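As structure tokens, one chain now follows by itself in the form predicted alone.
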């Protein structure tokens, strides 16, 4: 406790993996140790994020109720061991996990230092047992009502897969339709199984949510996310959470833009409400190929990056290094040496001092983003399962395609949200929807309304091929978006690495690579901004602009280099009147949060060496107290941060 106070740590997550300690047998609960911990934290004026402990069930439970453990993708029944080994459709797991959450909440409901509930931990998924098979059949029956509709949406006439009874529907694993987790002979069936499994895990979360809310209705509840974690549709989960939290573990050489995009995703999932950085390592990680320690200043820099993008807290895993098992070499605030003399501890204490001095200055700020990128989890699932256009993971990576566009906003210092197709788009001036292979029902109408009322909408190659059941649109691509874009994509070419095409934009030649939509025709009022330079489709449109109502829709038919995206997005930002916060400086990240009267400009130097800031940097630096006029050059050292407060 003394070390925590010295480091400025005022909030602790506890009880995360304590189920075995709290419930040593079916009818016995033992809170002796947790009582002592909770009393100690209250005595030392520590805030508590109290976990429900349900991410790993006890050994006795697996022994007495073997149906609780999962069956993996290969159809192999697991025994006790590891974490996230509980079948989400096991009645035993659901019963005892919710019961434990309720007992913890009832016992500690009068502790006024509990600031949040932490349900389970890093929810994971993937079970293919008999519990899940039975539950999947019921899920399908509820969703589609009749077998005729099931056979229609899954196109089971193909390869003679017609179902005559709901009991003939089976789990989607290596024993049935799937050659691998990303290859399915019937993507529509496998897509629905992913939806079902996501729903199953979310139901488990909700059971615990309701159990703790019964006793502590005013304490907010969360569970910790993991960036672009494919198996779970976090955008849907966020609707059932009081606030979003996540665990940030970039590699030592991670592109800063990646982590910033993940932060923006977390902020955007609750319509711009602040999120919480629940976990980051104070120093070294232990599970990556090369676990380099964080260089001096990096922990502080990355902590402020989270705050810059919308976090209202900076937390760490772990507080004290465990003595054994898989995370004994994972960094901690207090190392095995048990001292406050380490470099890591000193850096944390310095950061804690700064945050204490800031007080509540940065809490509750919001981000005014007038640009958005659409990211759709279900589109990710479906595109990955599709047998085309390539099996190369580089070509099939939906997050990498999104990053191509995000980076352009990032490098131009433009605030951008990462939104779902179900979100309201009316507050944005510019919306980019990369690789929207699957168009859900109603989205085309939403996009048309956005553009009709003055918005600028952008899509990229391989857009609008299938509906939400993975059934191809008849009448040509991009499906129901054809009228909006004023183009018809006749065919798509996919070439191996190194085999490229080209196009000219604003007098400069750019590379076209990987995927090439070839337009069969376009409307008379569709403006062709660029054309392919070679191959049999030389002269066919690469980039088009179609006026629609008060706005415009752009279709980009290939993939290109960062230089093109940066230039093109710059033109669109200018067209839409969206502010670039500061002139771009390589390796320097700039973002902005605000309240009703002031804005806070975060300037983060990811470079090892110093940079000189010129125009755009003005205000009072909250970290040094110095005033920056904006009319003189200011030096920002390597790995350093500046937070400029100024009137809006």
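Please read these numbers as outputs of a predicted model, since none were measured by experiment. Residue numbers count along the first chain shown, from 1.
One more form of this protein should be noted, the form predicted together with a small molecule, which is absent from this view; the next part is about it.
Partner contact region in the predicted bound form: 115-123, out of 489-497, 115-123, 261-269, 543-551, criterion any non-hydrogen atom within 4.5 Å of the small molecule.
Exactly one listed residue, out of 460, 224, 184, 90, brings a non-hydrogen atom to within 4.5 Å of the small molecule in the predicted bound form: 224. Though the small molecule is absent from this view, in the predicted bound form it lies within 4.5 Å of a heavy atom of just one residue from 522, 446, 330, 103, which is 330. Put simply, residue 287 is close to the small molecule in the predicted bound form: some heavy atom of it is within 4.5 Å. In the predicted bound form, at least one heavy atom of residue 249 sits within 4.5 Å of the small molecule. Within this chain, residue 537 is remote from the site of the small molecule in the predicted bound form, having no heavy atom within 4.5 Å.
Although the partner is absent here, residue 196 is not a contact residue: none of its heavy atoms lies within 4.5 angstroms of the small molecule in the predicted bound form.
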